[in-house]
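Next up: just one chain, as structure tokens, the form predicted alone.
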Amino acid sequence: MISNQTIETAGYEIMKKAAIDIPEDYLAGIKATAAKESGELSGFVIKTMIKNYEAATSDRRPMCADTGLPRYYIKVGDDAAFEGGFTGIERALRSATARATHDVPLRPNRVHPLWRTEHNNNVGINAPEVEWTFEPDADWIDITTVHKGGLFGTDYRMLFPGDGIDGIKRFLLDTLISFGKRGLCCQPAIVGVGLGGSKDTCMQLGKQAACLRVVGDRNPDPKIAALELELMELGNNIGMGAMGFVGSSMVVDLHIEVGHTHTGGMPMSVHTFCLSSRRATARVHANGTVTYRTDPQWFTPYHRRETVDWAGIEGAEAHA
């Protein structure tokens, strides 16, 4: 049985990793962007970012002074046995957050929205957020932490079926231009687009697309994958580069996630992950051992299932 202490230790370790060490996929994406950037100031900023990442890892300090709002994404295997139930996992992760805030340190960004009171540890009412999903035929628990800024870099619009792909492109460009001109995101960024669902689901899908998929990952639907590449190219041709300077490096990658929606609408959300792309994952195995990685592997075939019943990957392919 997986103990609460093992969960807390894993949560604490990924808090440190996410704050300090940039994921390799994003670092490779940034270096590729730097090689193509023609804007002088934008190119200088990207190269300075890379030096900052290297210094953060070497000195074991957070890569950005604003360490964002820590949150968790938990994937529980059907066969996982763990102490204390789901509330035990949540308590362990809240404790890990409080300890990491003090030890790393993380900036204590969480305050009450009305009274501005805080506990100096990033823990409070509905904080840190914990989102759950599940996986069949597994006896492990995956814990992913994401440190994302909580103020800007997201937007939503209710499109309609008649707006089509052109409407999606228009809203994306409007959003990225607005973000870049007003300093509402820290680019180059991984951009997530949520399409469909209800408004709250649409926002969740877009954030997950930005934060839980790695650079170079493509949606398994070939038409959506092609749209991802097309929108990424559009985003890099609006004349903006790093931190809003003139250039061609607004988007490191772009991911789309979809959810079935009401027949009369096409909700859309756009999210930019910050230039640190802070994420880390721990897999807690049934025997209590823990392995670490930077690819959350959140969107499994089961997670994207369409049918009522689930018959495994072979069954999903048969229904595709």
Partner chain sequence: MLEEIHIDLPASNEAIASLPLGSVVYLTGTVYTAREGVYHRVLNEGHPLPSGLADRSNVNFHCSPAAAKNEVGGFDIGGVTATASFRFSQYLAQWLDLTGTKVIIGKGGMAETDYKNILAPRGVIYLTTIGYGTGALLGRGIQDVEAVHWLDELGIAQAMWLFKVENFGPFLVESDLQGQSLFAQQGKTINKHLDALYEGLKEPALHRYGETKNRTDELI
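Residue numbers count along the first chain shown, from 1. A quick note: this is a predicted structure, and the numbers were derived from the prediction, not measured.
The form predicted together with the partner chain exists for this protein as well; it is not shown, and the discussion that follows is about that form.
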Worksheet item: At the 4.5 Å heavy atom threshold, is residue 55 in contact with the partner chain in the predicted complex?
Response: yes
Worksheet item: Closest heavy atom of residue 293 to the partner chain in the predicted complex, within 4.5 Å or not?
Response: no
Item to complete: Using the partner position in the predicted complex, report whether residue 237 sits within 4.5 Å of the partner chain, counting heavy atoms only.
Response: yes
Item to complete: Verify the contact flag for residue 289: yes if a non-hydrogen atom of it lies within 4.5 Å of a non-hydrogen atom of the partner chain in the predicted complex, no if not.
Response: no
Worksheet item: Of 119, 99, 169, 91, which one comes within 4.5 Å of the partner chain in the predicted complex, counting heavy atoms only?
Response: 169
Response to the item:
Of 85, 162, 216, 222, the only residue with a heavy atom within 4.5 Å of the partner chain in the predicted complex is 162
Worksheet item: Using a 4.5 Å heavy atom cut-off, which stretch among 245-253, 205-213, 192-200, 139-147 contacts the partner chain in the predicted complex?
Response: 245-253
Fill in: 75, 127 and 266 all contacting the partner chain in the predicted complex, non-hydrogen atom within 4.5 Å
no
Item to complete: Taking only heavy atoms into account, state which residues of 54-69 are within 4.5 Å of the partner chain in the predicted complex, ordered by sequence.
Response: 55, 56, 58, 59, 61, 62, 63, 64, 65, 66
Discussion item. Having a change of 3 Å or more in the C-alpha distance between residue 182 and residue 199, I'd like to know whether it is closer or farther in the predicted complex than in the form here.
Written reply: farther
Fill in: Direction of Cα pair change residue 158-residue 182 in the predicted complex, magnitude 3 angstroms or more
farther
